[in-house]
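This document opens with one chain alone, in structure tokens, the form predicted alone.
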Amino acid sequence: MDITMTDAWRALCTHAEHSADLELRSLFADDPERVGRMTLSVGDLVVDLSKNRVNPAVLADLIALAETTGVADRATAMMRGDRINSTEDRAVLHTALRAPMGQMVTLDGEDVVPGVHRVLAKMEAFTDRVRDGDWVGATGIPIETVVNIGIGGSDLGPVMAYEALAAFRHPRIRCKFVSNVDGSDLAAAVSELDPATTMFVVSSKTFTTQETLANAQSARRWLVDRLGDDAVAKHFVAVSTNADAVAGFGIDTANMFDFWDWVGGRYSMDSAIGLSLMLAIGAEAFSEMLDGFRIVDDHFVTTPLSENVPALLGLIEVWYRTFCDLPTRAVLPYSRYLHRFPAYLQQLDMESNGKRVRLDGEPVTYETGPIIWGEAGTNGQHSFHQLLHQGTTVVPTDFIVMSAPDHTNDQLTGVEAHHDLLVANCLAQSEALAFGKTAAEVAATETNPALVSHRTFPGNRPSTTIMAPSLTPSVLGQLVALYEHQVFTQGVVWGLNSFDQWGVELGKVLAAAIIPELAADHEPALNHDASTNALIRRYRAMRK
């Protein structure tokens, strides 16, 4: 279907032509009920949409667009196991990873939920042994450090959640995360580790991922050089589906944890890919996180679009990206523990919807896929917030804030007031972005007329504020699922396949050809473009 030919699309184009009329000061002044009507909740999350540049007419036509493109039907198809990832002929069932036992989710006639819970039970039994000290390394000493080796979704999700749930970690067990094939990453991770108390979790679905296997092999050599070959079985476990490759590496396949091809990498942190996280926070907290995911899953498939929080977030992003031509969105968590959340969302959103062709293979004729970036507050206020407030580019912004602090106060006194200061800054930023400060308001207090224009804030910069009581495992699960379904909604409206990632493949293929050329003993024959050929030769010369 060409959505540009629909009535809802044409109506939104008309709204966009008059978007200058959507001025936040006026929208608030003209509608005293705006905040109440546009503040919604799902689970523990309260989401204030009122500072977005939309009015009831725009929202009505966005909802009509979602109905025309079948967002609700496609969500149902996803969750029942239809192969909606058509370019790879796969189902998309990450929601089954948090389905309760007894709920049936079928794929090709088989209920996948019992298999999910078998893996969770295996993870729980293993992590309990490690956390209790019953699992010991080759020298008989309990494990104290877990090094997760993965890349992409096998790294971004676990490290984000490990950082976010710092308050729930085991007091003895710490985790490190290695993803970059740059040897400095692994070297830094193991530099101060005791191999006798170190465990490596190698996460690769096929156990062939180039970067992950390079790091895993080097980690294996580091361990074997110190403890011998027999130590590998006690110090390495795998998250994979390739038992032969895992066994060939020296890992006991009894210590291999499965996941499935219907789990995309960027949607996999709540599968066995989260093994390192479970080792850190325990099976009970991990289960609470899954419960949080499920709360938003249920909301997404049962709530009308007019009250459906992730769907509305997705539709508002479609409005900004496609109709208002705003190319980027900032995600600003006012929580130090969520400092990796923007990076996690970069992959979730940009790998899912950074596409230039529709499901039917035809080129899109409109803008898709916002650029996602961000930083934990209040640090960003002293760097890029200048551009947010007074720059020439309007950047829709998500603020995320907790009403209770993440930290405990047993090591510090007088720190309680910090949280009020943190939250005040978050709320002030959203207020300043929305309403600014007019030239007349500046002139009323500024004695130097030459500075009036410099100190004027245009305002009318849209934002969404998401508030929760505290950063618990359940709340983290709710946040992640909220954005998963937002991204899904955007992809359906844009007519994209949000679940493949062919864009990462070409670089891998070319790199495989270049690697032997860089390392060749004799000058290789090069068949790249002139620039790449010259760079290869220059690198070889510098290496000599």
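Heads up: residue numbers just count along the shown sequence, starting at 1. Since the structure is predicted, the reported quantities are computational estimates derived from the model, not experimental observations.
Although not depicted, the form predicted in complex with a small molecule is the subject of the following passage.
Novice: My question is simply whether residue 152 lines the interface with the small molecule in the predicted complex - judged by any non-hydrogen atom within 4.5 Å.
Specialist: Contact check for residue 152: yes, within 4.5 Å of the small molecule in the predicted complex.
Novice: Spell out, yes or no, whether the shortest heavy atom distance between residue 508 and the small molecule in the predicted complex is within 4.5 Å.
Specialist: Looking in the predicted complex, residue contacts with the small molecule include residue 508, since a heavy atom lies within 4.5 Å.
Novice: May I ask you to check whether residue 504 falls inside a 4.5 Å heavy atom distance of the small molecule in the predicted complex?
Specialist: Yes, residue 504 lies within 4.5 Å of the small molecule in the predicted complex.
Novice: Are any of the heavy atoms in residue 76 no more than 4.5 Å from a heavy atom of the small molecule in the predicted complex?
Specialist: Looking in the predicted complex, residue contacts with the small molecule do not include residue 76, since no heavy atom lies within 4.5 Å.
Novice: With the partner left out here, if you bring back the small molecule in the predicted complex, are 329, 397 and 489 all within 4.5 Å of it by some heavy atom?
Specialist: So, no: the whole triplet misses the small molecule.
Novice: For the interface check, one of 158 to 166, 206 to 214, 433 to 441, 134 to 142 should have non-hydrogen atoms within 4.5 Å of the small molecule in the predicted complex; which one?
Specialist: In the other structure, the partner sits against 206 to 214.
Novice: Within 4.5 Å, heavy atoms only, which of 98, 385, 266, 355 is in contact with the small molecule in the predicted complex?
Specialist: Selected residue: 266.
Novice: Can you work out which of 351, 297, 317, 270 has a heavy atom no more than 4.5 Å from the small molecule in the predicted complex?
Specialist: So the residue touching the small molecule in the predicted complex, by this definition, is 351.
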